[in-house]
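Heads up, the chain below is alone and in the form predicted alone; it's given as structure tokens.
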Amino acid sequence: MENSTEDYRIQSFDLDTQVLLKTALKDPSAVNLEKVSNIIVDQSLKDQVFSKEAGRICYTIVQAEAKQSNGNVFRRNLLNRLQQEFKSREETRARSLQEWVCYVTFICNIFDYLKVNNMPMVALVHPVYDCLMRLAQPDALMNEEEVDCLVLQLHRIGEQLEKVNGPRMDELFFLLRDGFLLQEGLTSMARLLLLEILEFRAGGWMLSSTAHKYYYSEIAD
């Protein structure tokens, strides 16, 4: 998986940090991997664009470390930090909606990229579901930013998540369907996004071309 380090959006860091990250991508044993994982998580929580890219960086470091020393120091530190952030997710959401949305994007991104024997990491399945369930609660459905985040993550990892735990996906979609049908005060954009994701799953995690045209011309308008 050859990528220039420019692809990883690390230009937003100061020069020392850029050097640290570039080294971690190629020679992980030469750097402090706990520090690296903290830098990546911290940046992901405040930068939405980076939170969508960070999974690839983490994947590359995990692969490089496994190849170099068969180690998993980076992955262990990353999961510890994700767990800490997960425990304080309600405080994060109350303090900053943007940080909360970045956290959900990041943990879903990590779920998507980091696999063990080509299978999603079991340790992440319930936390990811818990985050998505939180985004499907009535108060969150009133925020377009949270609805948008939820729908984007389900487009990305919904099918994988359903394979590892179908009953929880059913539970999540009961919430979304009830929100769509029963909740008053949703914005028209939130309604459109919810309807689109309900159809997306009903179609086997695909949209027909007619539906695609309908939703995406609506969203573009």
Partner chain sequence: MPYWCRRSGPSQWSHCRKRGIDGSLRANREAEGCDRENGRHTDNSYRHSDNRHSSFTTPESAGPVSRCGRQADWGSQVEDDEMRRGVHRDMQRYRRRILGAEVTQRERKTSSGSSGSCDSREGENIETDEAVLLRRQKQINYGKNTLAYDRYIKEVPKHMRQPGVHPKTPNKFRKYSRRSWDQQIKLWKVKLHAWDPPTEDGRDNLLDNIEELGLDDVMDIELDFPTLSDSQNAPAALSTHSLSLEGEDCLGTPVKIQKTETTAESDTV
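Please read these numbers as outputs of a predicted model, since none were measured by experiment. Positions refer to the first chain, counted from 1.
Not on display, but discussed next: the form predicted together with its partner chain.
Peer 1: Exactly one of Q137, S96, S88, N72 has a non-hydrogen atom within 4.5 Å of its partner chain in the model of the complex; which residue is it?
Peer 2: It is N72.
Peer 1: Select, from the options 29-37, 149-157, 165-173, 52-60, the stretch whose residues sit within 4.5 angstroms of its partner chain in the model of the complex by heavy atom distance.
Peer 2: Within 4.5 Å of the partner lies stretch 29-37.
Peer 1: Indicate whether its partner chain has at least one heavy atom within 4.5 Å of a heavy atom of M142 in the model of the complex.
Peer 2: Close contact is absent here: in the model of the complex, M142 is far from its partner chain, nothing within 4.5 Å, heavy atoms only.
Peer 1: Evaluate Y103 for contact with its partner chain in the model of the complex, applying a 4.5 angstroms cut-off between non-hydrogen atoms, and reply yes or no.
Peer 2: Yes, Y103 sits close enough to its partner chain in the model of the complex that at least one of its heavy atoms falls within 4.5 Å.
Peer 1: Spell out, yes or no, whether the shortest heavy atom distance between M133 and its partner chain in the model of the complex is within 4.5 Å.
Peer 2: M133: no, not in contact with its partner chain in the model of the complex.
Peer 1: Using a 4.5 angstroms cut-off on non-hydrogen atoms, would I107 count as touching its partner chain in the model of the complex?
Peer 2: Judged by the heavy-atom cut-off of 4.5 Å, I107 is in contact with its partner chain in the model of the complex.
Peer 1: Suppose contact means any heavy atom within 4.5 Å; which members of 111-125 contact its partner chain in the model of the complex?
Peer 2: Heavy-atom contacts to its partner chain in the model of the complex: V116, N117, M119, P120, M121, V122, A123, L124.
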